[in-house]
Structure formats: structure tokens, C-alpha cells
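Before any questions on how it binds or moves, here is one chain, the form predicted on its own, in C-alpha cells.
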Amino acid sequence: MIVEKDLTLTSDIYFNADKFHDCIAELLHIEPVHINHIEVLKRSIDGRSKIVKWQLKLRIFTDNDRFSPEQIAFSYRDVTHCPPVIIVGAGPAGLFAALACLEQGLKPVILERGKDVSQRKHDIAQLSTKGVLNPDSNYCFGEGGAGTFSDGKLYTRSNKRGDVGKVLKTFVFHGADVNILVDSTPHIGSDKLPQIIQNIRETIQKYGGILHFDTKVTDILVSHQQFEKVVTATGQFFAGTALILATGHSADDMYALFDRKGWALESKPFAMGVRVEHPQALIDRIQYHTTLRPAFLPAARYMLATQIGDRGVFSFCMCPGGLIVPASTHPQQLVVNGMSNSSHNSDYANAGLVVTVNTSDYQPFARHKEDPLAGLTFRDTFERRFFESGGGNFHAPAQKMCDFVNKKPSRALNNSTYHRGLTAVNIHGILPDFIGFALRKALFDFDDKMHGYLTNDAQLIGLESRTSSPVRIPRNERLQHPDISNLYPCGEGSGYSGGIVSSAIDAINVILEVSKYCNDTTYFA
């Protein structure tokens, strides 16, 4: 007999093999000897009461039914001599687009402005330790995209868009821990994701795909409203049956290219704010209702949201046991982000605390009434302001949390994981007024939800501005750009996803449409 059950258990039962086994037997009204295997399908932590519990979905094998682990496999095909599809960007959208090409009999040719993961590490180290920025190889640009060295979270709310399970299995197939298939907040970690990205690259190459690093696309050539080829910074041309734009949320030069050519672009809302850093032990005490976190519980996390007037304020990219890192792509602009390794072993927790920015907020920054790039000008203005207020060299403005709420300067700052260094600044003076107001009000609400969250043991560090892009590259019902029939905007940079998993799902959907398009052309005649 194979039975699936949902149940909630305390940690003392879940982490004691004998007690766990006996509990399941009692639940099924059978003797423990009849249980052959217990498979955990899903699990999450419930910390709402004073006793932390685990919510589990189990599949139980009894009597003559035997458990056999699922063998993960994909139907990748040799595409060496198949029609080429040009993919700009080797982030999650670009890489998953390439893998989907292998399944559809299309040859992916990836053009990535940054370096491969091994070389990219050196540029990130130079930025973190010396403040030396390579604009094309950093925390945002390079093989694997923005998530590779800034956390590798895999949870998403986009289940209706595609098969989340397939994306997670793809990561497991390429070396990720199998637990990401069951955890409610799956996470790979910045220490492990680079090797997995390299394994994905090797799969693409094994089946005939091609990757070019240090290859920045600077122009797109179109004839009769169809994509023909791209031009790179070194004057190379790459032609293909279709173009996938998977450039990420920070490729402002691509938006500028579309604007110069008069191709359709749209403004969209995004969110901006600060990154907040607490001692991890404080978050553990609040969430687990205990002075010392037991060894079997992971570093505690949180997710907060509220409404201040007509604006949402919410936590973003929460990193338990994590670090704050410089995520700038311009030498005179400051952006911070969070990351954590698989062990979550830092003494600090951090999260973005951001406020909704509406397209109407961009108007004072617009070149003209319908300026689609006004949001970029808005964002860049405040990134420069934070860079200057920090004193340059990617030092970050910071303020203790209660001091921020009380609008008073912080005489001294707490220790921080941000290695470039902090500068005590009145953050209200450099944030847009509406963001400072909303954050201040929201912190009181968040403290009601997590008593002890509002404390001077925490501090705000800015600027958190790359939650998504304030620009969208539109597409029609066949996922093509409305002005160019075989150009496919894809992933975060095009405004159709947010994060690793949703970008991967979007890429898979795009390649299915590309395959239909190719089957309608003479390429497969």
C-alpha cells in the first residue's frame, strides 16, 4: 500500500527516527514493521506558535510496496547541425532557454557580455575588497546572471506559468542537493551555484550549443521587421533564426538601443528601498520563540508586507545567515544586495525593505511625456546620490533602525557584513521622500508582527534598487516583440519574471514559441 498524508510534527519527533517511524505507524493504524519507507514530498517550518512545528507531506510505502528513487533525466538532443537561435545573456533565462533549445532541436548560441563563473569570481573579489568595478563582470553580469553570486534562491509564486518542478529537477540533475525538491523555500547558495552553472554550460556544449563570453551585443539588425543578426562590441556578427533577449534587469544599454531605434518600450512599476541587517540570533529568537536556536533548526527567515497609503512595503530577497554585497554596474552608482551560502553560517540576517514606485513617480525625470526610460533616470539618480553620500569607493550609507524612525543621526554604526564599509548618514535625506515616509511607517507595523524587529541592533543600508527593472520590453501573444516578428524578450530584463525560477519558466515558454515559429519557416523545410 502507498499512502500520502499531510501532518504537522514537533521537532523532537521529526528528528528522532524511531519516534517518527512509530508516529507514522500509529497514524496509519499499523505496526511499525509494515512500513518500508517514508518519503518526504514537501516540508516547511511553522513558527506561529511557541513550539516550532514541521508541516510535512509524506508518501508512505507499506507491506509489499517498495520505494524506488526517481531517476531524473531529460531528452536533450544533439543540435550541432540544427538551426541556430541567438540568445543574449547567460543568466537563468538564457541558460534555460538554451536547455529548452536542446529539447526542441534548436542550436543555442549564447552571447554573454561578462565572464564565465570562474573568471567572474576574480572581478567580484576586486569589487568587494578594493572597490574596483568591471562594468561587464560583477554581481549582476556574467555567467549565471545576478542570482549566481547573490544567493541562488529558488522559490517563486509563478506556479501557473509553468512547471516549477522541472526547473528544480534541472538543478538537481546538474548537481544541486535533492532537498530543493521538497523544501518550501529551496535555496542552493552562492558557494554551490557556480559549479552547477558550470555543469549546465557543459551540458549545453555537450549537445552542440555554443557559448561566447566577453561578447557584448551592441546592435540588433532587422530587415522587413524580422531579426537578422546582432553586432558585438568587437564588430562580430551573429545570425540566427530567432533572437532571445535574456539580458537581465540591469542591461540599461539594451533599453537605450531600443529607444534609439524607436522600437516599443514600456514603463513599469518597480520597488526601491534599503537593505536591513539584524543579528541572526535576534531573528531566531523572534521567529522560534527561544533564546538559543536548536541545532536541527535552520537560520530563521521572515517575509513581511504591509500597505502604507497606496504603496506596498515589503521584504525582498531575505538572506538568513547572509552577507550584504555591492551589486553596482556603474562606477559612480551604489547598489547593494544580499546573498547567503548554503550553510547560512553568517552571524547576520539581511533583507531588502522596499517600497512600490509607480510610473507616475518618474514624471519629473522624463525627457518627454511618454518617456519609457524615465524610470531608469529616476533609479540612477538615487544610486548616484547614495554613492556620493557614502563617500565614494562603494562605501554604503547606513543608519541604525530606531535612529531612522526617529529621524536622528546615528553617532556610531553596528558591525556589518558589508565589506566595503559603511558611512553614517541620515538616510531620510537621500531617499525619495515618499519612500522614507513609507519605510518609517512600515517598520512600526513590522514590529507589531515580529516584536523586537524595530531595534537599534539593526541598521538600514542602501541603496536596494535592483528588485526589478522599471522598463518592460513588450511582446505579443506569441511572445514576440510587436515590432520584430522573431525577436523574443525574455526573463527579468524584459519585465516578465522576477527571480531564478520564474525566469527559467519564462525561457522555457519562449522556446516553445520559437520552436513553433521555426516549424512555420523554411528552416525545417
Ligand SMILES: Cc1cc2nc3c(=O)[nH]c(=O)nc-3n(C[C@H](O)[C@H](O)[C@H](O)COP(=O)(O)OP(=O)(O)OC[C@H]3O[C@@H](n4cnc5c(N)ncnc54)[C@H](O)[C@@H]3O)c2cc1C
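Just so we're clear, the structure is a prediction, and the values are computed from it rather than from any experiment. We number the residues from 1 along the sequence you see.
This protein has a second form, the form predicted in complex with this ligand, left out of what is shown; the following refers to that one.
With a 4.5 Å cutoff on heavy atoms, F141 counts as touching this ligand in the model of the complex. In the model of the complex, no heavy atom of E277 sits within 4.5 Å of this ligand. In the model of the complex, at least one heavy atom of N337 sits within 4.5 Å of this ligand.
This ligand is not shown here, and in the model of the complex it never comes within 4.5 Å of any heavy atom of G273. Every member of the trio A90, A93 and G145 reaches this ligand in the model of the complex with some non-hydrogen atom inside 4.5 Å.
Comment: this ligand is not present in this chain, but in the model of the complex one of T356, T241, S416, T215 has a heavy atom within 4.5 Å of it, namely T215. Residue-level contacts in the model of the complex: of A251, A349, A396, V313, one residue has a heavy atom within 4.5 Å of this ligand, and it is A251. Considering this ligand in the model of the complex, the lone stretch of 381-389, 416-424, 169-177, 317-325 in range is 317-325 [heavy atom distance within 4.5 Å].
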